[in-house]
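In the form predicted alone, a lone chain appears below as structure tokens.
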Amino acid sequence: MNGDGSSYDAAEASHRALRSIQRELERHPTISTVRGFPSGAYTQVVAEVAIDRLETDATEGTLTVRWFAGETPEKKPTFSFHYSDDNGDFGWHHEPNPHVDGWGHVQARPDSTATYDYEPYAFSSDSPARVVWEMMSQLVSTLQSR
């Protein structure tokens, strides 16, 4: 039970977070389309990146966002913003991982046959809307520096 007497539903909380993420991504100038899956009970949001609006040599790119609000309202959310295109993939993850200390990290590989490299990353927030804008800034910067 929550402090207000209502029951906490982790799936519903995760869906609400992903709906919020979808709305923020729809507002971002480098996103062309955004869809949540499965309909009505999102477990992920997939966005097509408008590559033609960026200075990059990729021909198309997809951002997949996963967010799990946690088993209880007091638990930390786990989430990832993972980008892929024909030049490789990389992403920011907030979850335990044996390759780095702490929860936040960036993982990247140059192609689908390579192994991931990991680096710690400190998220400035665990609010879904704020994380979207932080991740989109990181994504645009990373794409333009490759």
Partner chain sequence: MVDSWTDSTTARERVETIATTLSEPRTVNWVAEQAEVEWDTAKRHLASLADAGLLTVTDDGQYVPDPTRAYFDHLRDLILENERSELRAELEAIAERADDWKQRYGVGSPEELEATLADDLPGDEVSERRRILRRWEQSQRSRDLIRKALALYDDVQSLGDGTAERSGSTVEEAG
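Computed from a predicted structure; not experimentally measured. Positions refer to the first chain, counted from 1.
The protein also exists as the form predicted together with the partner chain; that form is not presented, and the subsequent description refers to it.
Enquirer: Can any non-hydrogen atom of Thr59 be found within 4.5 angstroms of the partner chain in the predicted bound form?
Expert: So Thr59 does not count as contacting the partner chain.
Enquirer: Considering only heavy atoms, tell me if His99 and the partner chain come within 4.5 Å of each other in the predicted bound form.
Expert: His99: no, not in contact with the partner chain in the predicted bound form.
Enquirer: With the partner left out here, check for me: in the predicted bound form, does some heavy atom of His28 sit within 4.5 Å of the partner chain?
Expert: Looking in the predicted bound form, residue contacts with the partner chain include His28, since a heavy atom lies within 4.5 Å.
Enquirer: Consider Asn87 of the chain shown here, and say whether it contacts the partner chain in the predicted bound form, taking contact as heavy atoms within 4.5 Å.
Expert: No, Asn87 is distant from the partner.
Enquirer: Considering the partner chain in the predicted bound form, find the one stretch among 110-118, 78-86, 91-99, 38-46 with heavy atoms no farther than 4.5 Å from it.
Expert: In the other structure, the partner sits against 38-46.
Enquirer: Heavy atom within 4.5 Å of the partner chain in the predicted bound form: which residues of 72-105 meet that condition, in order?
Expert: The stretch touches the partner through Pro73 alone.
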